[in-house]
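To begin, one chain is listed below as structure tokens, in the form predicted alone.
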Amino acid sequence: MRYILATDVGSTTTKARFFSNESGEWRFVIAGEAPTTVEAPYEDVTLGVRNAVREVEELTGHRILAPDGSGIVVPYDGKMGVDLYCTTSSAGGGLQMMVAGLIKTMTAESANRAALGAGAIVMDVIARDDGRQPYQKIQRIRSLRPDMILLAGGTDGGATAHVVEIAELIKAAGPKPRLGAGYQLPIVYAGNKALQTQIEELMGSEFALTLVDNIRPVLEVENTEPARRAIHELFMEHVMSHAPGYTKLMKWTDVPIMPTPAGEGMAMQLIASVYKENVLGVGLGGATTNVYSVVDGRFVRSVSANLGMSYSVTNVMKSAGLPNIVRWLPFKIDEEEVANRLMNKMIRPTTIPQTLEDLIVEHAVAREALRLGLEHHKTIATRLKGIQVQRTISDMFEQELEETYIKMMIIDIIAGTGGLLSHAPRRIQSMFILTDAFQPEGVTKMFQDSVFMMPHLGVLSTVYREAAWNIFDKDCLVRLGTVIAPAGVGKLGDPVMTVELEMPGGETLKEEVKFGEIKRINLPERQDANAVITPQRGFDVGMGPGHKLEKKVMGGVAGVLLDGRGRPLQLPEDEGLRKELLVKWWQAIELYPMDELKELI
């Protein structure tokens, strides 16, 4: 095998990535991009794919498209073609689903996680106890027009009557599919096994029903994999086959078409499995923000459909509030002026910042979009509800049992992708935006996608894992560096930690970090240093308050960041002090050109 082509058919752009194995290892060669052609007057996505691939052909001189227009030449015949072609897609709104379960915080929540994990945008979650009257639920289901419904409810041998009630509700509403008016809406039933025959009799004639294993066979177990697999198969068979041009595209590909977020999720899982560490990943897009976590092998994805940096930028403003955006700006600017700029960005989503001031405003919005995306993710990444939790006597003195298991102290790697992060003028900017938004604690490695090819490599990893990782490691994953940030709060100027670094050349660096201070140490990419981190009493880097940690830290294009601002990170309420600190931090890490920044202040 010598050449691989992967594409991602996005909502606005189709991105082709060309890979080759010239000297015994797989490498990224070139990218080609073209507008997606899912909408009228074209209504054929293969036109956009052809245009993107044609750009690859022009840049490399390697012929890939068949001269008769029949698609992509597979396999490579010694002169033209590629050995493997695969693609992801989110065109036309991606996969949109409705999920239903019996109890909102139990089976409905598990169904929600399964749908999100399969790469869907969940339009609504219907449950018996969701606070709506049956007629309101029927009205809602009727108005949704999803691509697919996932129905769960009851443990095996558990509730029956109420699960049937939910199924009857869906049948009474008679939902219609978004695409292909003449075909049956796919429904995946992943509830009480004892009801499968009854559900088939009730819904089998009117819907394209698929029965899979129960998503919650017992309360203590969540089994989302059979439902996720069924969703992917139905996505290909029913949804994709009715989208413009996809029937043709499906014949071109060697691998089933995967929803773009599912490809991105595969890439995050690939990082977790190779490093064998906990990963928190984010795809910051124009319309949506996807957050992924792999903690102790458990993969969860959340999608914030209203948080993004172009189409949804005003939603970020509305959800976060203008004061929260303006707090990240060290210069004076009216909130109304910021609002106007963001509204302009929404109506002209493809524009990019032309001045440093615009760039800093956009980065402030990104911090808030990421912060809100993580907050939303924590509501999905929760312990299973309905299980009796054993608590010790010491637990009795604690506050309420925490819902989410996402703790920044146990996150070893943070990875980011998306236009704003990938195209930041300085790599330290994307690292610092991720640090401010997610507030990593302890020692955390930071990664970034170089030219947006995580979805491509995610789908490739399903069939050719070795090649996918090779390209991922060498050409896609930019090692930004490491953040060392103790958890705890102190007074400005008080000592926080001492960090001793044994550098690759043998010399030792010793840095004292005070509260409210940031330092940046240059440690090149693909080099490590042995660190001895000694936090002060009241500060924790993962071994308990005041306890020393010895660990290898990873170098990167942005180096090692010693963050003494404390966790949780709190910006001073005094405006003057806040602005002074922002400038001090930015100056310490060379975040922006200081001469130009001083003109703005």
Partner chain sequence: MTITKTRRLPIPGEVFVEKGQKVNYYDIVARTEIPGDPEIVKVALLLGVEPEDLPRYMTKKVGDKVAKDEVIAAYNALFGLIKKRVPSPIDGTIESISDVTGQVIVRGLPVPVEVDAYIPGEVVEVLPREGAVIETNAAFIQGIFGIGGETHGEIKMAVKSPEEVLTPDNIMAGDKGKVLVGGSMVTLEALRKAAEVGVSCIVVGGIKHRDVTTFIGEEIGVAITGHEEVGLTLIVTEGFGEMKMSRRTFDLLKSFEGYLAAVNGATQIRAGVMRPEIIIPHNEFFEQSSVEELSAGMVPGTPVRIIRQPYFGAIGKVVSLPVELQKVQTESDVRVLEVELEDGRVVTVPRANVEIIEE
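Residue numbers count along the first chain shown, from 1. Here the structure is a predicted model, which means the values were calculated and not measured.
Missing here is the form predicted in complex with the partner chain; even so, the following discussion is about that form.
Distance check, residue 311 to the partner chain in the predicted bound form, heavy atom within 4.5 Å: The answer is yes: residue 311 has a heavy atom within 4.5 Å of the partner chain.
May I ask you to state whether residue 349 is within 4.5 Å of the partner chain in the predicted bound form, using heavy atom distances? Within the cut-off, so yes.
Does the partner chain come within 4.5 Å of any heavy atom of residue 353 in the predicted bound form? Flag for residue 353 set to yes.
Though only this chain appears here, would residue 362 touch the partner chain in the predicted bound form if you measure heavy atom gaps against 4.5 Å? Within the cut-off, so yes.
Does the partner chain, in the predicted bound form, lie within 4.5 angstroms of each residue among 165, 168 and 318, using heavy atoms as the measure? Spot residues vs the partner chain: full contact, yes.
Among 425 to 433, 148 to 156, 525 to 533, 456 to 464, mark the stretch whose residues have heavy atoms within 4.5 Å of the partner chain in the predicted bound form. Going by heavy atoms within 4.5 Å, the stretch is 425 to 433.
Position in contact with the partner chain when the complex is considered in the predicted bound form, options 200, 129, 403, 337, heavy atoms within 4.5 Å: That would be 337.
Of 184, 470, 306, 278, which one comes within 4.5 Å of the partner chain in the predicted bound form, counting heavy atoms only? Contact with the partner chain in the predicted bound form is made by 306 alone.
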